[in-house]
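Next up: a single chain in structure tokens, the form predicted alone.
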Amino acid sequence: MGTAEETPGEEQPWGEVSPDAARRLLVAAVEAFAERGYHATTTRDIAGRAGMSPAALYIHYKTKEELLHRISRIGHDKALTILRTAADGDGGPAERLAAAVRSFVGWHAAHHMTARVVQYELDALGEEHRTEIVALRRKSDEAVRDIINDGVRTGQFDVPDVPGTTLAVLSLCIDVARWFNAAGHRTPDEVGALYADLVLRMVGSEPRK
């Protein structure tokens, strides 16, 4: 949700981060990490994008890795909330799986810059932070797996390999962050609807017309 991802009427990006200087640095870090990669980005790059001196960055973040961890933690918390909300929602397994995919894909498309950093810079985190984020990923896996298991148990899904299918579904959704172009022909909602349809076919449930 860096400035390049803001759309009219959208909430202030990273509004949960305060004070404002810390938020501006985080937005700048997302942009820099997405464009250059974590390892090729310097703290000077980040501070410059935020209109601050390099020394100002260390007032709010002790290290560049701490910045990445904050971005990754917030992003993974949001992803887990999206998936759990769908998993705990109304409707049968097909409706809940479609809602999960639609929302998860929509977020990865609408916030593709943030999502690229959150999903693909995991290995740049220190061991303690990486372990924390991996635990959140497992909870996201569990949310989707539970829906698919419900569908198999009720006979609505035909899925011989639930863990493998869960991985395939999540990988399909996450990969949207790699290619989505805000100037393209599809909106995030349209991509979410398309992927929800594809995933229902994948699990052997005919999408509603």
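Numbering starts at 1 and follows the sequence shown. A quick note: this is a predicted structure, and the numbers were derived from the prediction, not measured.
Just so it is clear, the following notes concern the form predicted in complex with another copy of the chain, a form of the same protein that is not shown.
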Residues in which of 52 to 60, 65 to 73, 145 to 153, 31 to 39 have heavy atoms within 4.5 Å of another copy of the chain in the predicted complex? 31 to 39
Among 130, 137, 84, 78, which has at least one heavy atom within 4.5 Å of another copy of the chain in the predicted complex? 137
Test of understanding: in the predicted complex, would residue 44 fall inside 4.5 Å of another copy of the chain by heavy atoms? no
Contacts with another copy of the chain in the predicted complex - residues in 145 to 166 whose heavy atoms fall within 4.5 Å: 158, 160, 161, 163, 164, 165
